[in-house]
Structure formats: C-alpha cells, structure tokens
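Below sits a lone chain in structure tokens, taken as the form predicted on its own.
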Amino acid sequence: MRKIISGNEAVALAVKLARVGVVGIYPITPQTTIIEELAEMKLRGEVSADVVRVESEHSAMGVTLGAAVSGVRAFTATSSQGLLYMHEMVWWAAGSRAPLVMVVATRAVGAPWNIWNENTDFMSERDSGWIMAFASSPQEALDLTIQAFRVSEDPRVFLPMMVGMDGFVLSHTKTNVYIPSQEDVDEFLPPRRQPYVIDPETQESMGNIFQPFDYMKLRHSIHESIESSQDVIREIGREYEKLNPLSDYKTLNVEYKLEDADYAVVTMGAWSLDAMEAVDRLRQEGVNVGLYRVRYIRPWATDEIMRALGDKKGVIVFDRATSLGRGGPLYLEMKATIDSPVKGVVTGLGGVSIGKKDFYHVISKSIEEFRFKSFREVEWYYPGEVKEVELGTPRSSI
C-alpha cells in the first residue's frame, strides 16, 4: 500500500507495524507529531502499546530502557535539547546492552534558541555505543525504523539503535511512501526474545559497580558488537527488500555514479538528492564526479568507504553539523578513513537553506582547487544571498 505521509507519520506507522509494547513520550519540536500520532493510534485502538507520558526526555529514555530490560519492545523519539537532556540515559541504554529504538528528528542545539534543521544533536551521540542510521526520505525513515528493531534485537548485536532524519525537511514533508503489510512485517520481525529479564520477583540486577577489568571488557564487547553488526545489517537489509521491492539495503551506505568518477561528494540525509542533481549537471558538462551517501554512522563502514572512495583524486564532504574548531564530524570520520585528499564543507547550520545550485557551485569550485592542489581543508559555506560574512566576539556584534 502507498500513502502520502510525512517522515514523522512514517515513523509512527513503522512503530505500529513493529508491535511495540511501550512508548516513552515527551514532546519537543520537530519530533512531537511522532508521539502525537502514536497517542492517537492508541486512542483509536490501533496499537496496544503502553504510551507513557513523562515529565522530561531523561525520564522518557528511563521508561523506554526500563521496558526494554524487562523484555518489552520499546521506542521513544526526541530532538535537539531533548536528546542532550537524555544524554546520561542514552549511555545507560548502551552500557546495559538493551535493545530499543529511538528516532531523532534533528534540530539545531542552543544557545541561542533555533528550531530549524541541523544534525549536530544526532552526531554528538556517535561515541555512546548505539547503532546509528540516518534517513534521506520518509520512505527510508519507515524502512530503517522497522529494520532497527530487528538489528537491535539480534543476539549478535544486542544494542540500542537510533534513526536520524532531518527535522522539518523530512519530519514534516509529505511524500509517497510504500507501506509493507502487517503480515509481512510480522514475518520479518518475530516477537522479541532476550536471554534475561529484569523482574522485581527475581534476583537479577543491572548497572551495579563493575571492577576495572570487567568494565573495560564490557566496553570492549560493545566495540566488537558494533564492528560485527555490519554483516548483520547487510543480512537484514537484504531480507527487508522482500517487504519493499523498490528498496536497496544490500549495503550500509549508498553509491551514485561513483564507478568511473575521479572526484566524489559525500553527503548524509535529505539534501543528498539536491547534491545528486548537481552531480548530474556536472556529468553533463564532462566532469567525472559521483556521490557517496552515508546511511550508517555506527557502525562505520570502513571497507565499503575505502573501496568506493580510496582511489579518488579529491573527496568533498558536506556536513550539516560541527565539531567546533575541527570542522564537521563526517569530514573528520572520512579523513581518518581514506588517503585521498579530503575537503570538508560545513554549511546548512541552524536551518540555512542549501539547494542544488549551492552544491553545484561548491563542488565545481572544490574540484578546481583539487586540480591545482590549493584546497582549504575546511570551508564554511554561506549561500549566495549572504554577500559578506563578518564574525564577531562577545565584545562586538555578530
């Protein structure tokens, strides 16, 4: 079945199809309509999940984690300051090796207040021990959310998983989405099983103080599980293609016209489609350039990336997030992976709109810089309507 729905509606449908047992909810823009949709489904009797309203995002993750260690399929969603507020519990979920799923509709982080799109909130959790995927369309938001429950609950992984998507750009934009049947999802995603259940009637416990060697071994085991989850994700992705014949999840990340490309563009999320149009235009002008879309931040697909980008004369990485003082986090990850020349472009922060003309301009200019070996490693790009950029300190106006 196909429906015209937003990214947030697609995620809520995925949670319904996954037969989630507990949803911990606390509102924050732009993810709020996910939990509103789930609450309305509950009211209409379409889901049997316990929808638990709490007083903060910290508690939302606490409820979700508590349900997960009790053996219940569990879900929550958040954004921006909400993710930062639940940060402590995000680490507890990973350290508890608790399978659960969270969707992050990305948004800029304060101060100052800004409700528009930016990926810094999502990227700030990449060291927390979660499996992390990022969608480029409402369709992918639905597909990845369903797959996330299967990946997270796989005994070879047994870690929480978060799915990111661009706030407003995907969360509130409606497109044509293919929705698999409940029967197909039931076959793909069997009832949750786990080797332990925390129950008040038993003497099982979790999270007590660990001796140093045991603590280090736990961290090592999470590292190994994230690394080995690549094969699990590919296996589950291939199986998921039976539910959605139009999908392609054989690999963690996605290549576009890269085979014969001299230069490559790296993106993540919704603006990848604009970048693909810029690549098409440059191809028509005789420039051999392709695109590599990062779909998984953790695990980091080192082998896939080296095979796709290791022989390029130049790689341009677009980041909608910052590691202030170092450039963008995607750029840093890519630079640590390949020997090819890598240029990082930080742009689109706080909702600054970047379109295909901007991608065309930056990619064209960067390729010329690579040719003359004169590229700046990190550039902050403002779109054409910004004629002059004057930066200030607290003693002057910005």
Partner chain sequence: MSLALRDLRSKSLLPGTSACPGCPENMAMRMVGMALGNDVVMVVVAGCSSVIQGIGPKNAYGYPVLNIAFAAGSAAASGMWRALRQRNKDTTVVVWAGDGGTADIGFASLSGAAERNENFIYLCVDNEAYMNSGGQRSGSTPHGAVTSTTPEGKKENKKELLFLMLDHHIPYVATASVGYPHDLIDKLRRAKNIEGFRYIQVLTPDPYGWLFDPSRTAEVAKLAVQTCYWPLIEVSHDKVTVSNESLHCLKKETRRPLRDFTSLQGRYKRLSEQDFQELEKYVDYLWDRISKLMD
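Just so it is clear, the structure is predicted and the values come from calculations on it, not from any experiment. Positions refer to the first chain, counted from 1.
This next part talks about the form predicted together with the partner chain, which is not shown.
- Judged against the partner chain in the predicted bound form with a 4.5 angstroms heavy atom cut-off, the residues D280, K313 and G355 are out of contact without exception.
- Looking at S70, you'd find a heavy atom of it within 4.5 angstroms of the partner chain in the predicted bound form.
- Residue contact check for I226: none of its heavy atoms lie within 4.5 Å of the partner chain in the predicted bound form.
- When contacts are judged by a 4.5 Å heavy atom cut-off, I209 counts as touching the partner chain in the predicted bound form.
- Though the partner is left out of this view, L332 does not reach within 4.5 Å of the partner chain in the predicted bound form, counting heavy atoms only.
- Residues of just one listed stretch (51-59, 357-365, 30-38, 338-346) have heavy atoms within 4.5 Å of the partner chain in the predicted bound form: 51-59.
- Between the options E183, D303, E88, D248, the residue in contact with the partner chain in the predicted bound form by a heavy atom within 4.5 angstroms is E88.
- Contacts to the partner chain in the predicted bound form (heavy atom within 4.5 Å) from stretch 184-222: V197, I198, D199, P200, E201, Q203, E204, S205, M206, G207, N208, I209, F210, Q211, D214.
- Note on E55 and E201: their C-alpha atoms are more widely spaced in the predicted bound form, a change of at least 3 Å from this conformation.
- The pair T202 and P155 is tighter in the predicted bound form: their Cα-Cα distance falls by no less than 3 Å compared with this form.
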